[in-house]
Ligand SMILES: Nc1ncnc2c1ncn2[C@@H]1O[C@H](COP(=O)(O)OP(=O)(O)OP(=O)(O)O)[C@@H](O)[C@H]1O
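Read the single chain below, which is given as structure tokens and is the form predicted on its own.
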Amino acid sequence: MTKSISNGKFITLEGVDGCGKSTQADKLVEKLFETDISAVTVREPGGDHISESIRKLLLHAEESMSDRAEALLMIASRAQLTDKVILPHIINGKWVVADRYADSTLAYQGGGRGLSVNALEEINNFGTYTLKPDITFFIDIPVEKANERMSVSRDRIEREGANFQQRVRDQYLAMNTKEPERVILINGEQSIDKVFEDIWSIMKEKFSL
């Protein structure tokens, strides 16, 4: 399985922390409902009872965590979410909008932590049954701007700093270059409404909405 199946679609939103993807994911689900399309939103890590437990460990662990343990926990959370939530919805014809998915591991644990992107891709494929999004919106924004938007209270990964976030952003840009038809770059410095206007315009064209 390399693409979402049945009439369901799988859409993901990606970007550095503070880029505004969560806001856009919510707006997209609302718009799909207005278009009489049954849609649900999920977040990563999380989205399922077991996945949410892993999220707490990943984002709020007080002990030092190895980079490989972090990557494997991220993918374990994703495997649970894919099996128990995402695939069942898609098979039943729903559209799933995900606030992060497999590309986040390539960006954060690959680009940010410096782990092998090729190795992470293989483990991702195992954990997700090779499920690929129909389209991915990469909301791009300079790291300095993203930092200005983030709250003072930050989780373990958000506290890694600007250099880490820049490596994450660079990896997202590399993915856009590698898969330009799937990973669509959206200018995240625009207003919330203009960002969504760009997203929805592409959605209408790709899915004939």
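Note that the structure is a prediction, hence the values are computed from the model and not measured. Residue numbers run from 1 along the displayed sequence.
The same protein also exists as the form predicted in complex with the named molecule; that form is not shown, yet it is the one meant from here on.
Within 4.5 Å of any heavy atom of the named molecule in the predicted complex lies no heavy atom of residue 52. Residue contact with the named molecule in the predicted complex: residue 191 places a heavy atom within 4.5 Å of it. At least one heavy atom of residue 21 is located within 4.5 Å of the named molecule in the predicted complex. Using a 4.5 angstroms threshold between heavy atoms, residue 160 stays clear of the named molecule in the predicted complex. For the residues 60, 149, 178, 68, the 4.5 Å heavy atom test against the named molecule in the predicted complex is passed only by 149.
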